[in-house]
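Each of the two blocks below gives one form of the same protein chain as structure tokens; they are labelled structure 1 and structure 2.
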Structure 1
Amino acid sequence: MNLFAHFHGLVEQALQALAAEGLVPGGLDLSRVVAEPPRDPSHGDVSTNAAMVLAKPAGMAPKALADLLCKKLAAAPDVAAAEIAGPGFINLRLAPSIWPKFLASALSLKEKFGHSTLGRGEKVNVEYVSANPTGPLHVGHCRGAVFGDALAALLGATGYAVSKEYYINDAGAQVDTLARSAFLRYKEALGENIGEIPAGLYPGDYLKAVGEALAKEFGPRFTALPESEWLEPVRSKAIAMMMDLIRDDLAALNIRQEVFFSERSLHTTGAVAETLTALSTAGHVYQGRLDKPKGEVPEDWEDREQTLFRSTAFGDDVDRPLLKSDGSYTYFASDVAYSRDKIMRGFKQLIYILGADHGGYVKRLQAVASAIAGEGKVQVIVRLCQLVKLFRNGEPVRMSKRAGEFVTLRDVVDEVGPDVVRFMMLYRKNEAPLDFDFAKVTEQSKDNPVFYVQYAHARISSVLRNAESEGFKPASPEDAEFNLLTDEAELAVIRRMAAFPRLLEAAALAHEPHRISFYLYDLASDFHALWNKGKEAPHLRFIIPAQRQLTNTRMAFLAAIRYSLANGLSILGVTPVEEM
């Protein structure tokens, strides 16, 4: 039950009724009309701006329109009072009867409470992480990984058909470097002294296992062969093992993407060639020259004619090369083919989670989708994640690109646990930089939001356990007498819960899962306040042995609050703990 959607509907009905009576013009655009919780609780439970927004198109004074609407709304079920305030707000004070209905609904919805059909089953693709398969994930991948995963879950909960995807860059020069690095480790595994790893190759120890696997599988036979003979099999093996490593890293964060899409496959199936033909046929490809790049000019820059995609026709800043000087495809060319593949699979939203340093990609990705699907047919949404700065006891953690001096994703997860990593990565909006202090995020105090929210869930679980051992159990949605919950602290919790479905929809539309974290913090805060109030006002305690029905009702109330917390946490991918 989404109270605000419900009352938005009532406002629409009231307007239709007024139109039928000839008091208001029909066919007004209601897209700007909102029914929302007022910031100030003294303004009531639901507030609508309808009269102000519609005054002009209706050709009426806001007050006059508000007056008419107000009368209709005041007569609606569950509305105790409707009043006009400020410049034309209509504030609805709900009848106490609404809250028991709401709680009963939340309680019966259980783990579905808050979910909606907003997305109407629209197909959405969320691509995230997509790190090069040349080594384990490092801490920089953490944020995008968690963000993408939570966003996918959020969209799933709000009625979209989501595919979680990882694009494997297994076709470029970097995987050849990987293969050469693995080949050295292969020789090492065969007993050769390889000395220092030459500059330009990957020095990490994680390739030793690849060398050993190669030695075991192929024996010494590659050592006598030229690179052209061993490169391919070594590369395949190395990529496969790196992807296993990466999948393990992601699994440690409870991330399991469904599709791992190979860039190389786009070449072998001819999809890239096919895509360029299609683009060409549509007239988006031409031979031409590009201006010298601004900023730092590459050393090997040469002015020459090349095959270009006319992305400027779709809002990009410059046209993009499709072929390199040696005639092979650019990375961009396979990217276009990949976009095309996604579009042909029927996705209406292509969502990309990228690091902030990829800001320059946004326009070209949008241009590609417009060129292939047609303008406005497919929505390309890019969310950029800013850097995470690591701290240890207030001191920044130094990292160098040199061997062994970067912090891996696994290091962080192993040290503080997946729940802490996930919550903290989402306790900041994605485009803001984030400080991550190992000491602070594991602290067991209210200064630590992960703990604070988990603690609320654990406290509820604790009371439910105690109640059960004393012979109480949560009343069913039908039997609970939620009308007994009338204290301001109880109502504060209920009102907060009522905002949850609307919050999830807004977060989904804005592609901002961090809103859930902040919501959960607020909900936990309301709950802790209610808990403590019971210390001074014993009649507010959850378990009151002499009042069986009230206690069972409060247990049902707690169960409903717990679903709110657990459902929010589950979208974030954080385990709701039962005790701490």
Structure 2
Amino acid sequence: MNLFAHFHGLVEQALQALAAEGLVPGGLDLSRVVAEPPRDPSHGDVSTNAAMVLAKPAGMAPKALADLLCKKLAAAPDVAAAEIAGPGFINLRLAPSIWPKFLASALSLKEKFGHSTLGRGEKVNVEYVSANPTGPLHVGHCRGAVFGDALAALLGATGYAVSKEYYINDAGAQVDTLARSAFLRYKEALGENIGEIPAGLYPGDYLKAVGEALAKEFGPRFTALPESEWLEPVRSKAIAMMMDLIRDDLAALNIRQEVFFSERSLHTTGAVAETLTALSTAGHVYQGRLDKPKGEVPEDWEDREQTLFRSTAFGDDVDRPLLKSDGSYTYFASDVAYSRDKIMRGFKQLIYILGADHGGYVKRLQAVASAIAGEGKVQVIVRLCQLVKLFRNGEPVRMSKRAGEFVTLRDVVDEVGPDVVRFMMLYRKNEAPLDFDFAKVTEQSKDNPVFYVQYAHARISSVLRNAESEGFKPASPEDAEFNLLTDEAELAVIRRMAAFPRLLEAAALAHEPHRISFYLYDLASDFHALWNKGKEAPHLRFIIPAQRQLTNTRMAFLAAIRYSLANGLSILGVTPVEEM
């Protein structure tokens, strides 16, 4: 039961009734009307801006429209009072009978509580991580990985058909550099002293395993061959092993993507050539020169006539080169073909999770989709993740010895565990910088949000186990007497739970899974407050042996709270632990 959707519906019914009576115009646009929790809980349970946003199109003063709406809403069975606040906002105080109905619904839905059909099965592609297959993932990749995975789960929970995808950049110069670096380790594995790793190659120790695997599989046969003959097999082996390493790193974070799409396949299947032909036929490709960029000139800028995509016709800042001076395809050409492939697979939303330094990709990706699918046919959404800074007791963390240049994702996960990493990566908005202190994220206190939320779930699980050992069990939704829950601390928890379905939909529409972590912390705080109040007031304790019906009802209440916590944690990819 989405309580706020229910009352949004009551507002719509009230407006329809007023229109039928000739008191307001019919056919008003209700798209900006919301029903939401008031900022100040003392103002009521539900607030709506209906009179504020509809007054002008209705040709009325906001307070006059609010007065008409209040009279209609106050007559609804679930409304105890309707009041006008400020210039025309309406606050509703709900009848006590609404809360038992809500709790019974939440308890019935169990693992589906909070889920919705908002997306109506629309196909969404979420591409995230997509790191070059040249080494282990670092902590910067970690944030994008967690954000993308949680966003995909959030969209899935709200009714979208989601595909989780990783784009393997296995066709650029970086994988040739990988092959040369692996070849050096191959010679080392054969007993050759390779000395210091030359500048421009990857120095990390993780490539020693690749060199050993090459030596075991091929023996010394490559040592006498020119690069043109060993480059391809060494590159293929190195990419395969790096992708195995990356998949293992992601699995350590409980991330398992369904699709790993190879950039190289776009070239071997002719998809890039086919895409450029299609764009050229549509008039989106031309021969021309680019103006010299203002400010610092990129290294790859060339003052020559070349093959260009009319990106500016679709809102981009500049037109984009499709061919290099040697006739090979640019990286952008591969991007265009990849976007076309996604669109041909039927996706209506293309979501890209990129690092903060990729802000320049937003307009070009949107331009590509508009050119291929038509304006407005496919939505392109780019979410940028800011940097993560690692600290230990306030001191910056040094680089990883294994990687040679950075702290690896696996280093962080191995030290504090995937649950801590995932929750803390989602406890800030993706666009805000994040400080991750190993000491703070593992302390057992209210100041550590992941501990505080998991502790609430574990506490509830402990009470339920203890109650079962004493012969109590959660009442069924039909038998629970939720009307017995009348204390303000109990009602605070129920009101917080009632916000969960609306919060999930709002978070999905905004692509902001961090809202769930904030919500879970607030719900845990309300629950812990109720727990502490029960220690001082015996009548609020969860288990009261002499009152079986009340105890079984409170067990049902706890089970419903636990579903709220567990369902939110599951979307974040965090384990709802049973004991701590």
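Keep in mind that this is a model prediction, so the values were computed, not measured. For residue numbers, the reference is structure 1: its sequence is counted from 1. For clarity, a rigid core is taken as the largest C-alpha set superposing within 1.5 Å between two forms.
Of the two forms shown, structure 1 is the one predicted together with the RNA. Superposition of the core reveals a Cα shift of less than 2 Å for residue 545 between structures 1 and 2.
After superposition on the rigid core, the Cα of residue 415 moves by less than 2 Å between structures 1 and 2. For residue 572, a C-alpha deviation below 2 angstroms is recorded between structures 1 and 2 after rigid-core alignment.
Aligning the rigid core between structures 1 and 2 leaves the CA of residue 64 offset by 3.6 Å.
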